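A single chain comes next, written as structure tokens; it is the form predicted alone.
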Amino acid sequence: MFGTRYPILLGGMAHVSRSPLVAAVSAAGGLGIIGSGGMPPEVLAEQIADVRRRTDKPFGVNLMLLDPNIKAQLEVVLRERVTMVTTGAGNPAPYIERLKEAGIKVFPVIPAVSLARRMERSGADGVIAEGTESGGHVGEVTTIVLVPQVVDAVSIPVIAAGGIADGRGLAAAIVLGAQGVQMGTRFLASAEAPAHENFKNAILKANERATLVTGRVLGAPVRTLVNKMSKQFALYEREGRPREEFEALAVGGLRRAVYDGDTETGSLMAGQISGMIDKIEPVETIITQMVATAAKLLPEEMLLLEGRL
């Protein structure tokens, strides 16, 4: 479907999934995805152009549908005719027809079976079933529970996301019925990721209990590494603070983490899989090792990694 060598997608992480990382994932045989969250449309156009300068391989764009620039971003994507689009933070149904008319595949990120069914009815080409283990904005259902139920519920391709960082995770996802995987945190801890070294090192130091989900009381749960900021969020929730105080605390948090390396008051969005990551490696090494491990674990009749999508 995408023309990639391997069924491995880059999560569209805002401020992190930019051209150096996106191009590296695509060049290594996966599918790089630009995280357009917070990007002015002209910056998105520049990012697309830069990925194309770096590689001739397919890549996509993640659209956060609540972004104030979403309509202008959509026009950029339609004009540039990228390979595919993933969506989050909203209902993509009003945009799917135009995207498909432009030859762009649409894969919404979904946290529940009911949403997967709705996206199939809306014309989506596939869905990304993301478990609560993932970093950033999360649902409530774990990946190992969510993925097979989504696979059983829809006839379109399913990508597994959340808690996947190596070939064991890829093999498990395929056994569960997924056609591939999406990874964010593992690629965040890569040599090509344009994130501050402090952020990457915080992932290396993390264990399996080093993340915290806050924001449930606001209807917008987010998983981050535990730090001063996330603890303050948790305190505000216990105290029942007004929404305005949460928003004041959150503003600029991800930018501080990614660009300034602020590991105390920055929003260190990362998944529970952080506890498995112990080194910063090039993207090509991550993907090559991942596929080699999966090849050893999967029965021969299931080893359809190349051309899987």
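Remember, predicted model here, so these are calculated numbers, not experimental data. Residue indices: 1-based, along the sequence shown.
From this point on, the text means the form predicted together with a small molecule, which you will not see here.
When the contact criterion is heavy atoms within 4.5 Å, does I174 count as touching the small molecule in the model of the complex?
No, no contact at 4.5 Å.
Please determine whether M269 contacts the small molecule in the model of the complex, using a 4.5 Å cut-off between heavy atoms.
Answer yes; at least one heavy atom of M269 falls within 4.5 Å of the small molecule in the model of the complex.
Indicate whether the small molecule has at least one heavy atom within 4.5 Å of a heavy atom of R118 in the model of the complex.
Because a heavy atom of R118 falls inside 4.5 Å of the small molecule in the model of the complex, the answer is yes.
Taking heavy atoms and a 4.5 Å cut-off, does G90 contact the small molecule in the model of the complex?
Judged by the heavy-atom cut-off of 4.5 Å, G90 is in contact with the small molecule in the model of the complex.
Taking the small molecule in the model of the complex, would V16, A189 and L225 all count as contacting it (heavy atom within 4.5 Å)?
Not a single residue of the candidate spot has a heavy atom within 4.5 Å of the small molecule in the model of the complex.
The chain here is shown without the small molecule. Which stretch in 39-47, 272-280, 60-68, 237-245 comes within 4.5 angstroms of it in the model of the complex, by heavy atom distance?
Careful reading of the contacts points to 60-68.
Identify which of I159, V106, L170, V109 has a heavy atom within 4.5 Å of the small molecule in the model of the complex; exactly one of them does.
So the residue touching the small molecule in the model of the complex, by this definition, is V109.
Just to confirm, with a 4.5 Å cut-off on non-hydrogen atoms, which of L204, V145, A72, A220 contacts the small molecule in the model of the complex?
After the contact test, the surviving option is A220.
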